[in-house]
Structure formats: structure tokens, C-alpha cells
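Heads up, what comes next is one protein chain in two forms, each shown on its own as C-alpha cells, labelled structure 1 and structure 2.
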Structure 1
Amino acid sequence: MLLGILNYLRGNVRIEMRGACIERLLNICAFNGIDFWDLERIDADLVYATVRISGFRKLRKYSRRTMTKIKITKRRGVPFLVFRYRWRYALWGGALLSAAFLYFLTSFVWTIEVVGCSHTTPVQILSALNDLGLKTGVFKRSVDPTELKNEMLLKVDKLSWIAINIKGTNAEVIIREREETPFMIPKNDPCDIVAGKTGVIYKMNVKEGKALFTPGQTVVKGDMLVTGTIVSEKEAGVRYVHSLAEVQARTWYTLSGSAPETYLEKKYTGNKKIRKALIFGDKRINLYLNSGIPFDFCDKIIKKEKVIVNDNMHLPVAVVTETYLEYVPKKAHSRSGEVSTAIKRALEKQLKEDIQGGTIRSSVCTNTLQNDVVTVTLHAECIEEIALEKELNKEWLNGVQDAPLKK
């Protein structure tokens, strides 16, 4: 395709070659760098071919040597169009104005693409860029990517790295976010271990600190399981340690969900309505009169086609096609057990997220149907880690505790 466009810009002619030594003429042309394509042999002494304008000029002297008659049957390409319309000044003036307007449009940023969002959203990044001056329609030369990058790192705390590449009318923003590290008490700071959830202690392995509960006992969320305050009876003193423990507990969950057993099914009638609109920047021009919804029940499909010259050249012009498909709503019943199975899967997924790596020891599901609504209740017993570190009351650092501090 690219070669065809290049040949059209250079200009080419379709020629008729008639003679007894056409093969000799073609060999001479090939030896002298004259290219032919779309060769078509009609008879032993008649061949049609396409050649560039520059090649046709060289071809004449070789045709005399081989006594071959050459005649042009068709002219194609930009040079012939220019020659044909050379006196139409309004046409050339319009072409120059169009080229100037196109160059003017390419001096602005029309699309901004954000890549690398995980914890943040593209909307948040675009909003911050807009506050700093990078937005749709901004003049490219007014944007300094290096300065903008530094300002973004100061403005958005969640970013650890950012790159801004402006190519053509497209601005590509590549970001890397900071890894959110969980809060951890320094190893040298004393702390207690408390229960993160209510349950019955299943296993308990205390590595540092003093245990206040034993396996089999019930604990409530927030209860202190292991204390970091160690009282020494022999030395009549207090020692503060960073408690370390693994505490597994049996926990119970009850989750429920509901959904109707019937649903509305769409039966399409085949009637449709198509509307088109043009968008220039942030302005919309409707190419239709009645803007109301054409049907009582319909699906609306929107297709937006931007004017794209290449990957990095997007113009602020788009064609919007809105298609309305009419349908008649019809009440339908789900298959037996289909709704309850879907609800059960959703509840099991939610349970796995709640226990955060724990194990499900047993689970029971119950289904009820009332007023065409299916309700599924999931009862589950799990085993999970419930130990959470909690800082000690640091009053002991201020001299409130009279007992000597020992390590």
C-alpha cells in the first residue's frame, strides 16, 4: 500500500508497447534501472505495462533501438492533477489553508494516555495534570515534561516515578506507584499482642512475651492475648519486650445473599434507529433533529471514531454513531438451582477474602424462596490467624512506672 501511494505521488502512466522485439526492450530497461509493473501480454507483439514518468522519458530512446512503438493509454498521479488544475487558484489556496490549519491543529495536545495505574485511577492523575497545566487542547511548546514530572512527584504522594512523553498530538504519561507497606512496630519497641477477631483459640505459639490465654478459651476482638510487660518477682522489677506470637483461632461466619428467581429477557423486534453527531474538541454537533428516545424499550450502542492520522497524531475531531435497538421485555424464569448456585459462589468468594489466608474448616448453606426471591445463607467455621501487634502505653517512658527498666 505504501509503495502504491508513493507511485501515485510520483506519477505513472499506463503504456502500450507494440513490436517484434518487446522482450529485448524489457531486458534493456531492466539493465538500465527502469521499473515496470502490472505487465499484461495481449498478443505476441502487444504488451501493456505501467511505468513511472521518469522511466517513460528514458524509455523512448531504447524503443527506437528495438523498433517498438509506445503509446500512452492512461495517466495517473499527482503531477497530472497539478497540471490539470494549475489555473485554479482558489483550489490551491484552499489546499494551502487546509495544510496550514492541519499544522496548526498538530501544535496542540489532544489526547492524554495514562499507563501504570494500580492503586490510583487515571482520573486522579489527569486531574493533577490538569491543575499543573497539561490538559486537552494545551499548546505543546508551553509544556515542559521535566518540570511537570517533578511537580507531579511533589503533588501526588503515591507516585514513585513518572515519565511524560509528548509525541505528535498525543501525551503518554507512564507512572509507577509507591508500594504501600503495612504498619509495623519497630522490633526494638515494646508491644502487646491483641485479638483481631472474636473466636476460640485453636493454637498458640508465644515466642516473646507472656501469654494471658490458653488454647480452648474464647476471646473477643481487642482482648490482650500476649503482654509485653514482664514482671520479675525475684528482682522486683519490670521488663518490657516486643511480643511475638502466632495465634490461630476458630472463627464463625454467617453470610447471606438474595436474588430474584425471575428476570426480564429482551426480545429484539429488529427495529433500529441510527443517529450521528460530530465532536470538535469538547463541542458536539448533532446531525439529527429529534433528540428523544425513539422506542419505549431499547438498547443504546455508542460508537466513537476519532480522526487518527497515525499512532501519535490524533485530531480533535470524532464521529459519534448512536444505534438504538428496540426490544420487548419478557419475564423469564432461571433454571432450577442456577440462582442459588451463583449466590453460593459469591458468598464463598467473599468468605475467602474475609479470612485472609485462613482455612475453611466446615460450611453449610441453606436456601429459602419467598415472593420469588431466593435467599442463600452460608454458615462457616474457619481457622485463621488473629494476632495483631499493639503498641504499649508509653507512659512508662515518662517515669510513671516506678519499677526499674531492665532489658
Structure 2
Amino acid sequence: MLLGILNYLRGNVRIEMRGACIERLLNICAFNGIDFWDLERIDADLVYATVRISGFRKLRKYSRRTMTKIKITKRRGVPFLVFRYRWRYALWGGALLSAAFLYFLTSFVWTIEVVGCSHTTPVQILSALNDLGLKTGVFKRSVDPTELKNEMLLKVDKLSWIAINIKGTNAEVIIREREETPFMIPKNDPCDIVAGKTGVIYKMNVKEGKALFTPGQTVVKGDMLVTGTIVSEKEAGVRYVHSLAEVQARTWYTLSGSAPETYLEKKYTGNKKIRKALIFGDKRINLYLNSGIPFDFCDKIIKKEKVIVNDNMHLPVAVVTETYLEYVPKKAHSRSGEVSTAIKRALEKQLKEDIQGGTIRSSVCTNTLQNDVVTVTLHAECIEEIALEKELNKEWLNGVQDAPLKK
């Protein structure tokens, strides 16, 4: 197969050899570097063979020596094709022009692919890239990936690493995002501890600092639970410490949600309409005439397929297929309890997110049905950690000196 293609590209001729001692000519050919193949014996003095064009030129010299007549019966291959079409200038011009056009088109960036987004969106990255000069249709040579990389890292704070690979007409942008560091006060710096939520203190374990509340007391969000300002009773002065405490509190939550019990069900009629459009860059060409919505009630499914030559060569052309599926809306009544269960599940999920690792001690759920709308209310009592470190408030001491410490 491969050899066949190679032979076709180089061109070969089928020849007819007629003479008394053809075997001698064949031996001479073989030992003088004239390759031949597909030897076919037709008659006692007639043999057919295939040789290359270069081989054929040499062969004529030897044929005279062995008194063999040689005639070409068939010409095959690209050199003969080229020779046949040599006067067709428009054909050659067209081929050259299309090759040049292809080369010209491949010197632009046609698609930009962003990989590795989790907190950021590809749109954010693309718009930042756009501002810095990398956009669809930009000349490839005008983009310097190294410089662009550095500019991107400066421009977008959330990035910790970025790679820009321009392969063919596709620019692949790989990003890694910076992990957000939680707010923390260094261990050697003094600090207070405040209540992160409102509740009743359930358990308190103070390792460093002075507690201002005892279990059983009610605290409001923002109240100082433990102070890092220690006043020596023997008048040795004021000392500041990094407060350290675990404070658990009982907290109460009331969450509610509602949803209608009836809903619209789609009953598909089976009627559908397909429309196609072509997109060149940002120009859209509709391949249909009537652009109105074909049905009163329908789902529209849009599928966009990019024209991709290979992994590295993406063309700025896309085919859009829009499928309209007709349906008849029908009022349906959900089964009793189905809606309330779904709401309850959603509320419980929300509660678990709110208490962040705390435990639910007890919860009560109430359902009400009014005007076809189900409302579910979830009352829950939880135990959770409410201690939050806060920078030391040095003013605090001035206010306290007048009033005695809460006990």
C-alpha cells in the first residue's frame, strides 16, 4: 500500500520487452540498479514489466546491447499527470492560491480554550486576555506568550500560575488558581475571641485569655467572649495574650420554603422543526427563511459544532443546529407529600451548610397548605462552635474600668 503510493508519486511505466534473450536483459537490469517488478511472461519472446521513469531511461541503453525491443504500454503516476496538465495555468494558480490562503488562515488564532477554572469563570479569563491582546482572529506572531503570561498574572489576582500554548490556530490557556488563605491572626499577636453567632453558651473551654461569659449565658453575635487583655490584680500592669478557646453554643434556626403543588407538565406532540445556521467568526448566516418561533409552546435545543480539522487546527466556522420540540402544557398535580418532602430535604441541606460541622439537637417540621401552595417551616436547635478570633481591642479596657466584669 505505502510502496504503491510512493511508486505512484515517483511515476512508473509498464513496458513491453520483445527479444530473444530477455533473461539477459533482466539480469543486466538487476545488477545495474534498474528496479523492476510485476514481471509477466506472455510469450516465448514477450515479457511485460514495470519500471521507474529513471530506470526506463537507463534501460534503453542496455536494450540495444541485448537486441531487445522496448515499448511503453502504460504510463502511471504524478509526473505524467503534471505533464499532462502543464498548460492549465488556472489550475496551478488555484492550487497555489489555496495553499497560500490556508497558510494565511493558519497564522491567526481562531479559538481560545481555557482549562482549569474552578472559582473563576472562563469568561473572566477570556475578557482579561482580550484586554491584553489575545482574542479570536488576532495575528499569531503579535502574541508573545511569555509576556502575556506575566501580564495576566499581574492583572488577575486569583491566578497563581498560567500557561499559554499556541498550537496551530488554537490557543490553549491553562490556569491554576490561588488558594484563598483564611483570615488568621499570628500566634504571637494578642487577640480577643468574639461570638460568631447568637445563642446560649453550652460549653466553654478557655486555654488562654480571660473568659467574660459562663455557660448558660446568652450572647449576641459580636459579643466579646474571651479577652486577650489581662489586668494583673497585684498592679503589675496590663498584659496582652493570644486568646485561645473553644466555645460551643446552642443556636436556633427557623428556615422556610414554599412551592406550588400543581405544575405544568410538558406533553410532547412529536412535531419538531430543525433549523441550521453557519457561524463565521461572529457573523451568523441562517440557512432558513422564516425566523419566527414555529410553535406556541416548544423547547428549543441548540447544538453548536465547531469545524475542527485536527487537535491543533480549529477553524472559525461553526454549524448551529436548533431543534424545536412542540409540546402541550398540561396542569398536573403532584402526589401528596412529594412537594413537602422535597422542600424539607432542601431546607435540611441548607441548615447543614449554615451550621458548618455543628450538630442538630432537635428539629421540628410544619407544613401548611394555602391556595395550592405548600409552605414548609423547619425549626431546629443546634450546637455549634461560635468562637471567632478578632484583633485585640485595646479600647475595651477603658470602658471596663468603670463597670465590673460580667460574671
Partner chain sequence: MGRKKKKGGGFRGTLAAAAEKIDIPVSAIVKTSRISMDGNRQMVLEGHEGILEYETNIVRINCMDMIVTVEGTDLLVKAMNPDGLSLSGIIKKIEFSD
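Rigid core: the largest C-alpha set superposing within 1.5 Å between the two forms. Numbers follow structure 1, counted from its first residue as 1. Owing to the predicted nature of the structure, the values given are computational and were not obtained by experimental measurement.
- Query: Which of these two, 1 or 2, is the form predicted on its own?
  - Reply: Structure 1, which is the form predicted on its own, differs in this respect from structure 2.
- Would you mind checking which of K207, V328, N290, L96 is at the hinge, with one rigid block turning on the other between the two structures? So the residue sitting at the hinge would be L96.
- What turn in degrees does the smaller rigid part make against its larger partner between the two structures? After superposing the larger part, the smaller part appears rotated by 27 degrees.
- Item | After superposing on the core, C-alpha shift for L102 between the two structures in angstrom | L102 C-alpha displacement between the two structures, core-aligned: 2.6 Å.
- What is the C-alpha shift for L81 between the two structures, rigid core superposed, to one decimal in Å? A shift of 8.6 Å.
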